[in-house]
Structures are given as C-alpha cells and as structure tokens.
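To begin, one chain is listed below as structure tokens, in the form predicted on its own.
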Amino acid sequence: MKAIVIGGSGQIGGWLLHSLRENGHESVGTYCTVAYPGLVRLDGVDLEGSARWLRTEKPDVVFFPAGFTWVDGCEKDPAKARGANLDQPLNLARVAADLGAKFVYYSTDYLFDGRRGPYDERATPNPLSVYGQAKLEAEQELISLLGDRVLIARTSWVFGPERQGKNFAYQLVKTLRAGKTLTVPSDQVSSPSYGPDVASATVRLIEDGHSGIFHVVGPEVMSRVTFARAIAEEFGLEPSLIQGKATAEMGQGAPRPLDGGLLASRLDLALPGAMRSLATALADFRETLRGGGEWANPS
C-alpha cells in the first residue's frame, strides 16, 4: 500500500508515518511550515499545485491529519478555518476519488454541543463553533464524494510524544516544572486520546478495509482537571499547581462543548483494545521521552 500523509510534521501525522513504515507500507509525508528530514513541502492553499502533486504520487490512500485546529483562531478567521479544514481536504479528496484511492479525514468531538455527552457514532452533531461547523461540513462532503472509500476518524484531546512538543501535556509539564500554576477549565469533559494509538488504529482500520465514521479515542471520559492531574502525577510534578476555573470565566474566544467526550463503539468492535487506558498511555509517553530520539522533550 502506498500512503500519503498530509501534515506529516504534526502530532498525528508523525505517528502515522511511523506506523505505516512499521507495517511495511510505502509512505510519503508532507509539511507546510515546519520542515523535517524526509518530508515534502506542500502548501494546501495552492489548490491546483497540491492536486497536481498528488496525482503524480498515485497513492492507494491519503491520510489528512492536517488542518487549522486552534479553535479560538478559527472563530476569529472563519475563512482560514474553512480553507484548511474543508476546502483543502476536499480538493485532495477529489483527486483521491479520480484515482480510486481511499481518504482518511481526522475530525473532532467539537461537532457536538456538549449537552448530553459522551456521544457515539450515531449521535446527531450540533457544532457550537466555526471550527466544529467546518469539520462537520467536511465530513458530509467527503462522504457524499467518496462513499465507502472514506474513513472519518473523530478524536479528542490528543496527547503524547511529538516532534513539535505543542500538545496540552507538553505545555502542562513545562509550566509545572517551572513551578508555575496552570489554570484549566473545570467544567469541560472529554476523552483523552494517545496520539500513537490514534495513528496505529486508523492504519489498522484502513488495512482491514473499514470505512465510514469511527470514534478513535481513549477509553475514559473525564474532566480536564482530572486529565491534567494525571499527567502531573505521572511526571512526578505537583498536582496542586493545577487549578480549575469555569469555562465562562476563562475568556476563551470560541464556545466549547462542556459535557462532551466520544464513545468508540465501532472501534471497540473492530479493534478491541486498540486504544490504551490513560494510565498506560501516560507511562508509555514518559518512557518514550526518556528514550530520546526524534520526539521533543519538555524543558
């Protein structure tokens, strides 16, 4: 299988390339702004150039973990949000359709309003934000375009080793190691999801011929405070430095789903045990960082 990973420099993208190569697949990763050895520069804003390049690669599957995921930034710049999360993946999906290739799109729990979570794959979306709306429209357009050749992988609160060291766990460790207090929303609930598992699970789903919507998330649903304190304890840091504050008092630009989280009903049937518990994932995270290599270390 030949795979293209759009956004190979990012958190899920980096682990996708790792999983694909471990499983013996040919893979090519792209980047837009952050370069790493072996990646091809591709600017998704150039729709014609991106489509032309993808046609020359003739992939069997295209993974699209790229996008504009800063929720407050999306609220401020809806055009950029729709371009990165809707127009650019659709542009490449049309090429995939012409080539007879499969397409994997990474979506979010922000499709839901957070009033009656956690949600399974059959729940009706009702996004509150520009980001969530763009992701929902992308899902709908991709399913209409590709039918059973598209896999939608919805995930949430992704953490773990990554080359850029940007995810929530990294920021928490850096802050607490500096002896500073970290304030997190006390009323937001969702599903922490380990990046390496998200990547390996979606590769396995494609290998096994699955399509449609899958929730690819960790098995637990918890508050952001509980999640943060679990990270602190695993890294030997002081949990009391983590303080909870109501979302309404935090001045975040975009509305958040509060009682959220995803249930991985289809994934549990297709790949039982594919997503590790938070405790197991955090231990693996710490050991991976201890081993060095290409993954960033909090400092």
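Predicted model, so just to flag it, every value in this text is computed and none were measured. In this text, residue numbers run from 1 along the sequence as written.
What comes next is about the form predicted together with a small molecule, which is not displayed.
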* Structure fact -> Of A134, L172, V150, V158, the only residue with a heavy atom within 4.5 Å of the small molecule in the model of the complex is V158
* Structure fact -> Only hit among M250, A270, A51, V45 for heavy atom within 4.5 Å of the small molecule in the model of the complex is V45
* **Location of the small molecule contact in the model of the complex, chosen stretch of 158 to 166, 118 to 126, 204 to 212, 176 to 184 [non-hydrogen atom, 4.5 Å]** => 158 to 166
* Mark S240 yes when one of its heavy atoms lies within 4.5 Å of a heavy atom of the small molecule in the model of the complex, and no otherwise. => no
* Quick one: does S9 come within 4.5 Å of the small molecule in the model of the complex, counting heavy atoms only? -> yes
* Asked: Looking at the partner-bound form in the model of the complex, is Y31 within 4.5 Å of the small molecule by any heavy atom?
  -> yes
* To do: Examine Q188 and determine whether its closest non-hydrogen atom to the small molecule in the model of the complex is within 4.5 angstroms.
  => no
